[in-house]
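The chain below stands alone and is given in structure tokens; this is the form predicted alone.
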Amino acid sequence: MRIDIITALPKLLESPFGDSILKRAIQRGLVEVHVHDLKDYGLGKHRQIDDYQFGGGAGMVMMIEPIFNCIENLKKERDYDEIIYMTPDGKRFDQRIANHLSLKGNLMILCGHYKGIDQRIRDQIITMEISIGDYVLSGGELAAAVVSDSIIRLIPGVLNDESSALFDSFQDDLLAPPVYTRPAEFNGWKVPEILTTGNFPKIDDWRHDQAIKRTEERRPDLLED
């Protein structure tokens, strides 16, 4: 898989891809992540990428030309399965979307900034708009990192135990059950006895029951869906 991220602030994306699971996935050649500085396509000697909005109003708008030129330049090299725009009014990102995108070959993610991007880019070029929640960030960079992380960890070979992702919260519309590790008793607090029996069918049943219980308590809306 290859992910191309277009941003006005590329340094914001250095840390998320420079450590832990994502770093190892990149080093092992399981995914390519390329960050493109939109200012490289800016206009004039000041590399302008934003301007005042037509009709007046507070806030600057990312201009159509730099975005269009950057996207078209990338499309000369390869076809993209999705061109994604990170925006608060996009479709709410969830595990189903992550699973869907993890099967793609080439993804492009455009990070919004300022007041947003010229609507013509959204109308004519963007194929998917994604929100990570009902709140507003200063820009789409952190949201793009969140989406990328959730996708990349699903790629075969990224996690040491590939079955691990199958039991994450939301994979089956349930929250994950509680987990424990050694020691079996600490400060008088004991691990549930069933987990130490080695009876894996019963352990699976216990975990499923606990997942349902936790979901009922914390996210009953998932069971309704």
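The numbering used is simple: start at 1 and walk along the sequence shown. All of these numbers come straight from a predicted model, not from anything done at the bench.
FYI, the form predicted together with ligand 6GU isn't displayed, but the following is about it.
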Practice problem: Report the stretch among 70-78, 100-108, 149-157, 129-137 that approaches ligand 6GU in the predicted complex to within 4.5 Å, counting heavy atoms only. | Solution: 129-137
Practice problem: Determine whether any heavy atom of residue 145 comes within 4.5 Å of a heavy atom of ligand 6GU in the predicted complex, and answer yes or no. | Solution: no
Quiz item: Is there a heavy atom of residue 117 lying 4.5 Å or less from a heavy atom of ligand 6GU in the predicted complex?
Solution: no
Self-check item: Interface residues of 75-94 toward ligand 6GU, as seen in the predicted complex [heavy atoms, 4.5 Å]
Solution: 86, 87, 88
